[in-house]
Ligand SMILES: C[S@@+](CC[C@H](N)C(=O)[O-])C[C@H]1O[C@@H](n2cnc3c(N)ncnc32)[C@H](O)[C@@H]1O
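First, one chain by itself in structure tokens, the form predicted on its own.
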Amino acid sequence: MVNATVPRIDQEPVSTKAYQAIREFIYQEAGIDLGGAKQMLVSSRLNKRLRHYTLQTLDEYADLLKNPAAGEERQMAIDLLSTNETYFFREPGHFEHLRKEVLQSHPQDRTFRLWSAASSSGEEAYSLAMVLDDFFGRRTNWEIFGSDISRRIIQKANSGLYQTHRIDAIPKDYLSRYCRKGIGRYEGFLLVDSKLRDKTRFAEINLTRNLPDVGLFEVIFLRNVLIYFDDLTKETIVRNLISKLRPGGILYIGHSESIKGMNLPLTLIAPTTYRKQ
């Protein structure tokens, strides 16, 4: 049996100094707290950059990241260290609550705007687009905005192209109505229908910084991202986001997350579901 704790031969170990420098870099740039024991993750995600620059150690790479002129490489490191797993219709209870409790009461004369604030590669945003298109039918006054800190992952989200092994949670009715099966060189992939892609846009946004002028939203999904931040950064992110939520609007967070202890203008109305006061 292979000992899983032994690093691969082509995987450069992380010195204490390099790990601390990279940990400080990603905290300063993205607010992400790696903690004290993510050396293997850092090594596995950044080793390809050593080969790219023909560097010998992660200490050398950490020195490169300190150079403000290395803007593109600093963004690449953020992309590699911040990418998280996602999939279609994750935590389905939120989608049911959205349909039954939120969409039903929305005024017909106002555009329904929803923000998937940690959209990663877009599966959450497109899942929500399916729900909204199914509910509103011929009405076109709805839109979805997705954001992520990773430039590379935003490009993937914009494409709307996914491998078919990632679609198991999509309801069969939605799958037939909103997804197009790839053929030829795209065999094994599906493409989200253009009518959903046309109403879903993505942008590169750092939630720990001052937010751009993106307008106000009826609903914000902020799921499975707060777990990567310390308490102070969590509160900063939530406060930033609810400033973009209409009074009476809804905030959803992940089931493994908590915002208890924060003095926020929010009322708990269902598990991990809050209404802005």
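All values reported here derive from a predicted model rather than from experimental measurement. When you see a residue number, it is the position in the sequence shown, counting from 1.
The same protein has a further form, the form predicted in complex with this ligand, not shown here; the description that follows concerns it.
Engineer: In the model of the complex, which of 85-93, 186-194, 105-113, 134-142 comes within 4.5 Å of this ligand (heavy atoms)?
Structural biologist: Only one stretch qualifies here: 85-93.
Engineer: Among Asn224, Asn240, Gln39, Asn47, which has at least one heavy atom within 4.5 Å of this ligand in the model of the complex?
Structural biologist: Looking at Asn224, Asn240, Gln39, Asn47 one by one, just Asn224 meets the 4.5 Å heavy-atom criterion.
Engineer: Tell me, out of Ala77, Met130, Leu98, Ala118, which residue has a non-hydrogen atom within 4.5 angstroms of this ligand in the model of the complex.
Structural biologist: Only one option qualifies, and that one is Ala118.
Engineer: According to a 4.5 angstroms non-hydrogen atom cut-off, is Ile170 in contact with this ligand in the model of the complex?
Structural biologist: No, no contact at 4.5 Å.
Engineer: Examine Leu245 and determine whether its closest non-hydrogen atom to this ligand in the model of the complex is within 4.5 angstroms.
Structural biologist: No, no contact at 4.5 Å.
Engineer: Should Ser43 be classed as touching this ligand in the model of the complex when contacts are defined as heavy atoms within 4.5 Å?
Structural biologist: Flag for Ser43 set to no.
Engineer: With a cut-off of 4.5 Å between heavy atoms, is Thr200 one of the residues that contacts this ligand in the model of the complex?
Structural biologist: No.
Engineer: So which bits of 203-218 sit within 4.5 Å of this ligand in the model of the complex, heavy atoms only?
Structural biologist: Counting only heavy atoms within 4.5 Å of this ligand in the model of the complex, the contacting residues of 203-218 are Ile205, Asn206, Leu207, Thr208.
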